[in-house]
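Only one chain comes next, encoded as structure tokens, the form predicted on its own.
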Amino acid sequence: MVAGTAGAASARDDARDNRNRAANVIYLLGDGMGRTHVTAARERYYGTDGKLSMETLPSQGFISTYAVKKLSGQPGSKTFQPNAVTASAATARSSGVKTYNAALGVNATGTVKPTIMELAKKSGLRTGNVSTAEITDATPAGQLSHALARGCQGPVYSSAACQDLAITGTALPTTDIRVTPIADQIARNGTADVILGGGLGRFDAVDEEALTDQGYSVLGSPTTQTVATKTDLASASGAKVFGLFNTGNLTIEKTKQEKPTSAEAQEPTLSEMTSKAIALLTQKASKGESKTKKGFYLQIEGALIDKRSHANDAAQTLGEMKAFDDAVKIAKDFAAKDGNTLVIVTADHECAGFNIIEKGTFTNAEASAPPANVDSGNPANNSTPIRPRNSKDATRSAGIINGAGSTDPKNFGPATFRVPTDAAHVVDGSPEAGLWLSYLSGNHTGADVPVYAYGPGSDQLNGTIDNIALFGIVGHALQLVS
């Protein structure tokens, strides 16, 4: 009787285990996307009773995002020291360890940890990495590299920018992977078969040679700093494709829509990159190409949600939310047709304390001035909001209803947007607009972030989990970890 019961339990465990397996995983990250970002984008584009594509996915929950301090132990250890606000969530998701807020692919004591994408590639799966940021930026680089300092991107760098003496005690030799510029690692390790995004300025002629030696079809040219275009992307083929469409971050969608004939408008959308990445990763091997294990792991990042929230620009943030959700729909539609793909949509952290406030009110800002624009030469960061910031907006502030701060000129005035149910004459920026938004900060916050999922094993994302659990869920789904 006991043996029979144990056998039945084992069979049930095996069946449950098999239900959590998937041939493919598409992992979509809305950088900086908190719950309010989702709600605001829904109300802006589809109305209060509408839904974004991500909200239609059947499994839904929340993810805690905290980091740890340098030299900290992991959660549960005696030396564990948490840091409530993260800038290192890429490593938590990709390597399954908490680390400090500058590290990539290493734990809090500097030990290299393998990433899911590295494990997937090693197992024979096809791999892809897509971002609207520089491909050397933290989220995409967190799958492709290991660095003590995330700013060690290349091509020009200093030892001080790459070393971390607080971790190592002494400078590491430049042959150590952890102080090798991220662009150099990406160009040589072949971890991702398909690489699409921004950041061409991080790569040089030597990198292009390394990419070609690795068998990549290089769109554009790091040697001449010729960026690729959406036309190049449309015609791209082959087992390995490397295409970067801006020397820095990609251009915000709002600018491309307002200037459809500009050079920036020749950049592909996140949806176009997503569709092409899936097509490249699922194409049959051409004659002469080695066949790989069936299946793929693809990470897609909507990075500019975060960058525009740092700048407290609600209009551009909402535009990037819409672009990201359009890419989610591409992934969802593929998974529904394929039947064996796990789709996970989440964020690394919330950015800037995004809020929906009542019409006619205002909110206090913690900063005495708008966040500095440290990257004004990049099209992603150089637009000027129509609405003045960090000044009391007398037209749209009802005074002391929110407290004694109504006379303080440091308070942000809200940004207002029309919604589908507004009258035809209502325009963005008017007091009559139905959606009023504000920010509380110019930086990341420690709020839990939403997660949405579809496909085999997606029920594991219901409820609240920590971000390091995502490593095990994805790894188990692809049979990369036990």
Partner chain sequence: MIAVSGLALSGLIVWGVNAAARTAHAPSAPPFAVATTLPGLAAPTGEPQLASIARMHPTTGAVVPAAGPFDDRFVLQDLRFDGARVTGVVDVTSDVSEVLELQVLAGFYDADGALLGTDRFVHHLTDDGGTDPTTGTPQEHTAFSIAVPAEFAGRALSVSLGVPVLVNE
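Residue numbers count along the first chain shown, from 1. Bear in mind that the values here come from a model prediction, so they are computed numbers and not experimental data.
The discussion below concerns the form predicted together with its partner chain, not included here.
S.K.: Please tell me whether the candidate spot formed by 150, 189 and 473 is one where all three residues come within 4.5 Å of its partner chain in the predicted bound form (heavy atoms).
M.R.: Affirmative, all three are within 4.5 Å.
S.K.: Of the options 217, 101, 355, 269, which one has a non-hydrogen atom that comes within 4.5 Å of its partner chain in the predicted bound form?
M.R.: Checking each option against its partner chain in the predicted bound form, the one that comes within 4.5 Å is 101.
S.K.: May I ask you to choose, among 326, 184, 208, 253, the residue with a heavy atom within 4.5 Å of its partner chain in the predicted bound form?
M.R.: By the 4.5 Å heavy-atom cutoff, the listed residue in contact is 184.
S.K.: At 4.5 Å between heavy atoms, is residue 249 in contact with its partner chain in the predicted bound form?
M.R.: Residue 249: contacts its partner chain in the predicted bound form.
S.K.: I'd like to know if residue 160 sits close to its partner chain in the predicted bound form, meaning any non-hydrogen atom pair within 4.5 angstroms.
M.R.: Taking the distances in the predicted bound form, the answer for residue 160 is yes, it comes within 4.5 Å of its partner chain.
S.K.: If you check in the predicted bound form, is residue 461 within 4.5 Å of its partner chain, heavy atoms only?
M.R.: Yes - in the predicted bound form, heavy atoms of residue 461 and its partner chain come within 4.5 Å of each other.
S.K.: In the predicted bound form, does residue 180 have a heavy atom within 4.5 Å of its partner chain?
M.R.: Result yes; residue 180 sits at the interface with its partner chain in the predicted bound form.
S.K.: Name the stretch, out of 236-244, 330-338, 317-325, 133-141, where some heavy atom lies within 4.5 Å of its partner chain in the predicted bound form.
M.R.: In short, 133-141.
S.K.: What are the residues of 105-135, in order along the chain, with a heavy atom within 4.5 Å of its partner chain in the predicted bound form?
M.R.: 111, 112, 113, 114, 118, 119, 122, 134 sit within 4.5 Å of the partner.
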